[in-house]
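Starting off, we have a lone chain in the form predicted on its own, written out as structure tokens.
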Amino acid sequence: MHTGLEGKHIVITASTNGIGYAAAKMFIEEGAYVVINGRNADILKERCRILEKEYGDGCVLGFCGDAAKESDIAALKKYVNEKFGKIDCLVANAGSGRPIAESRLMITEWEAGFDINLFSTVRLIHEFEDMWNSGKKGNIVLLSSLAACDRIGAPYAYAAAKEGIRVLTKYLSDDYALHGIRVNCVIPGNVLFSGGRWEELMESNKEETERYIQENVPLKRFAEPEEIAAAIIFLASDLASFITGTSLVVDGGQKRGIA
């Protein structure tokens, strides 16, 4: 099926691992040119090397920086402007469900949780406002979490911030439709990958974590990053040309609500 992504210019934050990296690889497979981003320069360089070895020179560019920092987002925009001039798709993937305080109600937990899981996305979209190809179709794909839909034991601040992503998607989609830009959201369930939160939980208590998955996920397994990335690719592609303002749940059936 024709995705219409060939030759498109894509920017993905937090994309040297997990969902972001899987999405970058899939975009490149569809013929897109991708800027990936990460905080570790060595890992970033290695990821670019791997992708270019598999798909050819020029398919990927790397920008080292923290997607939660305003100055780094501004530098990312400047870099993309120099390399691409304009963009066709923005994927806001930065986020973290790791708690940082003992109490879920400590203000430091909320400040940090909102900064990485909501404000980083707002900064990114705002910074790239003038980077869209005039007269061409564009896409923004945001990443929320199942914690925004159901109570699953996540940190309060994380859940609230990710619900903010869902609300942002709906409001933003209406305004950006005037410019031919679709805005959608992917809501992942439990994704297991190296360096991720679920890997930490598996290492700390494998038996209890596996029990949780068996009891709460109808498909009785973790998601793989590629399964979430496939939803991102779909929403960014021409296959979803009449979809905007939507939150797509990819959770193995875990969400219990009807709506």
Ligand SMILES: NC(=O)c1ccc[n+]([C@@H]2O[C@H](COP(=O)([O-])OP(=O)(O)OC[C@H]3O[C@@H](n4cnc5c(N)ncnc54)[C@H](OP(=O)(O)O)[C@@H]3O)[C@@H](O)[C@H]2O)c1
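Keep in mind the model is a prediction, meaning the values are calculated, not measured. Residue indices: 1-based, along the sequence shown.
The form predicted in complex with the ligand exists for this protein as well; it is not shown, and the discussion that follows is about that form.
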*asked:* When the contact criterion is heavy atoms within 4.5 Å, does residue 39 count as touching the ligand in the model of the complex?
replied: yes
*asked:* Please determine whether residue 209 contacts the ligand in the model of the complex, using a 4.5 Å cut-off between heavy atoms.
replied: no
*For residue 33, is any heavy atom within 4.5 Å of the ligand in the model of the complex, or not?*
no
*Applying a 4.5 Å heavy atom distance criterion, does residue 65 contact the ligand in the model of the complex?*
yes
*Option touching the ligand, based on a heavy atom within 4.5 Å in the model of the complex, out of 236, 23, 14, 11*: 14
*Just one of 89, 183, 94, 124 has a heavy atom within 4.5 angstroms of the ligand in the model of the complex, so which one?*
94
_Suppose contact means a heavy atom within 4.5 Å; in the model of the complex, does that hold for all of 3, 138 and 244 with the ligand?_
no
*Picking from 125 to 133, 183 to 191, 167 to 175, 74 to 82, which part of the chain touches the ligand in the model of the complex when contact means heavy atoms within 4.5 Å?*
183 to 191
*Enumerate the residues of 135 to 165 that have a non-hydrogen atom within 4.5 Å of the ligand in the model of the complex, in sequence order, or give none.*
143, 144, 145, 158, 162
